[in-house]
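Only one chain is given next, in structure tokens, and it is the form predicted alone.
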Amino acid sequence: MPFMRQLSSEDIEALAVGAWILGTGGGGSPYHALLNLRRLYADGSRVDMIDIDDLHDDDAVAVVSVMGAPLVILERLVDSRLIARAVSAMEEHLGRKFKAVMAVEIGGGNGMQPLLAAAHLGIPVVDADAMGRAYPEAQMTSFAVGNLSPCPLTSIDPRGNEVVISQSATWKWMERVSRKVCTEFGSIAATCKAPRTGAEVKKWGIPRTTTKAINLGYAVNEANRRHADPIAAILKAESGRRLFTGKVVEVERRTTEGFLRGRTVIEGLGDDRASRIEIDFQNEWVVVWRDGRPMVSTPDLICVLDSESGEAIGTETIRYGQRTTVIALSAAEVFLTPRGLDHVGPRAFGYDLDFNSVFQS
């Protein structure tokens, strides 16, 4: 019998804080998912979490996320049963039941979605995801780097529309087709991605990222409780690097083709007073330019934090006047390989830049 950890109410609160930091600006705010989980826990539901190594090789694992533009996800309240319906629709398509559910990305609200599905379906959550953060496109997963199948996929909208993509030529075609469906749905859809076996999750999943997010959240909450520096607590917990401190002076953003795209400019304060940075984003923070030169890029995790509370700031919530601190956290090893960089390096986002990790300088 595999060991299962039952997640407490405190774990869920901490997960929301940690997942938002790992979201690197995207993945959707965890706030609505947290409200739904609080309600489910108040009604007596509980979520069990299973370690990645305790999966059986032939276990069927559902991989879930809410897809769309973070600004729309922030503004539209969605029934918590929607993500569970995406899993049920996949079960109906396959003719078999899932043993567990996991996140495609631990970052942002998508780090919480498998818990909602698990609470409604009565199955455990796997302590793993396929990004170690949030990325905007389907081919930007460890499963895609491993060249696993990109299909089938179920896509469900809040009005009751349901689509099954049973076949796609490549991961990029899956992204194009599913994004088009999502855009028609209004830039928000609950999705169950290509199912995985326990063996595939153990080989290509990024392990223990839910635990990582929970521990990160506890570090921030404890620092704030002791009136200590929450950003120092994050850097200590994840061996991260502080990059820049300043005030937001410009924000440009637009929702196009199911993504939130734009840039923000931050003027330095304190030791950074003589400088400014510009950060480009596509749902998530992608590249930071300091005084016109590239400073840090994906796959390094770029996290923009409230300088006082240490809470993450999303690309949909950043605004003029916010005092922010920008930090970098290290990427999962699978994305630092040549094939991984093909999927998530700066060129994958259209930038003519080589990746140079801030952790190698």
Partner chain sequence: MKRIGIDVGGTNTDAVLLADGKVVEGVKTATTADVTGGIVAAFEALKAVTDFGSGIDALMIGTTHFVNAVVQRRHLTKVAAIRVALPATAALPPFTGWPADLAELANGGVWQIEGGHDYDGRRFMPLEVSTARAIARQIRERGLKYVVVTAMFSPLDASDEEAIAAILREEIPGVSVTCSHLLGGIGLLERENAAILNASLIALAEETIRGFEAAKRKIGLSALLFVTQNDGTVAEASRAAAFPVYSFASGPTNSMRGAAYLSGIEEAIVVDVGGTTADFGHLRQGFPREANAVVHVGGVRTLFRMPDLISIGLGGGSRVDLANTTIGPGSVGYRLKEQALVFGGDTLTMTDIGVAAGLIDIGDRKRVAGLRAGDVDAVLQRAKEMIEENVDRVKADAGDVTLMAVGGGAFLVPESLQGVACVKRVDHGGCANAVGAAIAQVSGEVDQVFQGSTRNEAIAVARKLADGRAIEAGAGPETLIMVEAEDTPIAYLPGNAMRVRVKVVGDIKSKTPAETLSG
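Positions refer to the first chain, counted from 1. Just so it is clear, the model here is predicted, and its values are computed rather than measured. For clarity, a rigid core is taken as the largest C-alpha set superposing within 1.5 Å between two forms.
Not pictured, yet referred to below: the form predicted in complex with its partner chain.
**Student:** Quick one: of V164, V265, V78, A237, which gets a non-hydrogen atom within 4.5 angstroms of its partner chain in the predicted bound form?
**Tutor:** Looking at the other structure, the residue within range turns out to be V78.
**Student:** Given that its partner chain is left out here, which of F259, F244, F98, F143 has a heavy atom within 4.5 Å of it in the predicted bound form?
**Tutor:** Filtering the options by heavy-atom distance leaves F259.
**Student:** Taking a heavy atom within 4.5 Å as contact, would all three of P150, K193 and G340 count as contacting its partner chain in the predicted bound form?
**Tutor:** Checking in the predicted bound form: none of P150, K193 and G340 is within 4.5 Å of its partner chain.
**Student:** Is R253 close enough to its partner chain in the predicted bound form to count, meaning some heavy atom within 4.5 Å?
**Tutor:** Contact check for R253: yes, within 4.5 Å of its partner chain in the predicted bound form.
**Student:** How about L71 - does it come within 4.5 Å of its partner chain in the predicted bound form, if we only consider non-hydrogen atoms?
**Tutor:** Yes, contact at 4.5 Å.
**Student:** Should L35 be classed as touching its partner chain in the predicted bound form when contacts are defined as heavy atoms within 4.5 Å?
**Tutor:** Yes, L35 is a contact residue.
**Student:** Any of the heavy atoms of E316 lying within 4.5 Å of its partner chain in the predicted bound form?
**Tutor:** Taking the distances in the predicted bound form, the answer for E316 is yes, it comes within 4.5 Å of its partner chain.
**Student:** Could you tell me which of 316 to 324, 44 to 52, 332 to 340, 291 to 299 sits within 4.5 Å of its partner chain in the predicted bound form, going by non-hydrogen atoms?
**Tutor:** Answer to the contact question: 316 to 324.
**Student:** Do any residues of 126 to 154 have a non-hydrogen atom within 4.5 angstroms of its partner chain in the predicted bound form? If so, which ones, in sequence order?
**Tutor:** Heavy-atom contacts to its partner chain in the predicted bound form: only P136.
**Student:** My question is whether E267 is one of the residues whose C-alpha shifts by 2 Å or more between this form and the one not shown, given a fit on the rigid core.
**Tutor:** Where the cores coincide, E267 still shows a C-alpha shift between this form and the one not shown that is 2 Å or more.
**Student:** Using a superposition on the rigid core, decide whether the Cα position of A169 changes by 2 angstroms or more between this form and the one not shown.
**Tutor:** After core superposition, the displacement of the A169 C-alpha between this form and the one not shown stays below 2 Å, so no.
**Student:** Is the shift of E222 between this form and the one not shown large enough to count as movement, that is, does its C-alpha move by 2 Å or more after the core is superposed?
**Tutor:** It does not reach a 2 Å shift.
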